[in-house]
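Shown next as structure tokens: one chain only, the form predicted on its own.
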């Protein structure tokens, strides 16, 4: 890295630090890489910035200092092995949600078995026999696309109601269509509202009692519990954040619908806030709702990498 570029890096980091950005060092590296058109690993060998690149670094740094999400600035985000395009109007996938995907993959491996990608369903000509996963509140498609690409021979139906989010969902599905085909999986998008006769709207893709997994990262923040981080509060769409008075306005109908869609032994997996699982301070959370329903067994609360309750799973009895 040249002396000039090192100075720009130092200036950018100082601006982000002063603005209270949580990770000024890492964000500066991303900004430099985007402005210079280089991978981060090549920054150490980058030549001096051109005047246009210098202006670009200053512009992107200023946007981040205003707490615009880094993912909007660089045009996307990594999620498991995927690169997803995101921007205004869609919820930005978080690392915590990767655990939701892993819970689904673990269940499919236990109950359906591991399918060798070399013998994917498309190669065998039986694409209708793979496990069926329905991803409600699909947003950018992070959860469903990760499952479809990592678990060969899986049929995924991504359900989303917000037109702005559907635009990003379709774009990401198109970007990863070849990966999905290569492992013999399928990925379909249904525009439907979970709170407005969803079964009728998804019936062309889904048959009641035949679904292997219902998975969702729904809006679960109680109205009034405004997030502290400006990146979330000011940029993530409210429709993807707030779940009614207690945060469970979407989770309740999701559980009822899962009981209709799932096959016996099928899995429901729901992400929730760290105060909405077991061992909470008395909040009525997702595990409580599943146990109260009576149709589910094996209710378990899974923790994220930080040790916080994050995902509840259960099987249809």
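Computed from a prediction, not measured in an experiment: that's the story for all the values here. Numbering follows the first chain given and starts at 1.
What comes next is about the form predicted in complex with a small molecule, which does not appear here.
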| query | finding |
| --- | --- |
| One residue of 173, 108, 232, 192 in contact with the small molecule, assessed in the predicted complex (non-hydrogen atom, 4.5 angstroms) | 192 |
| Answer option from 240, 146, 134, 104, heavy atom within 4.5 Å of the small molecule in the predicted complex | 240 |
| Residue stretch of 203-211, 217-225, 150-158, 179-187 approaching the small molecule in the predicted complex, non-hydrogen atom distance within 4.5 Å | 217-225 |
| Check all three, 139, 142 and 165, heavy atom within 4.5 Å of the small molecule in the predicted complex | yes |
| Interface membership of residue 93, the small molecule in the predicted complex, 4.5 Å heavy atom rule | yes |
| The small molecule contact in the predicted complex: residue 71, any heavy atom under 4.5 Å | no |
| Contact flag, residue 259 vs the small molecule in the predicted complex, heavy atom cut 4.5 Å | no |
| Partner contact for residue 250 in the predicted complex: the small molecule, 4.5 angstroms, heavy atom | yes |
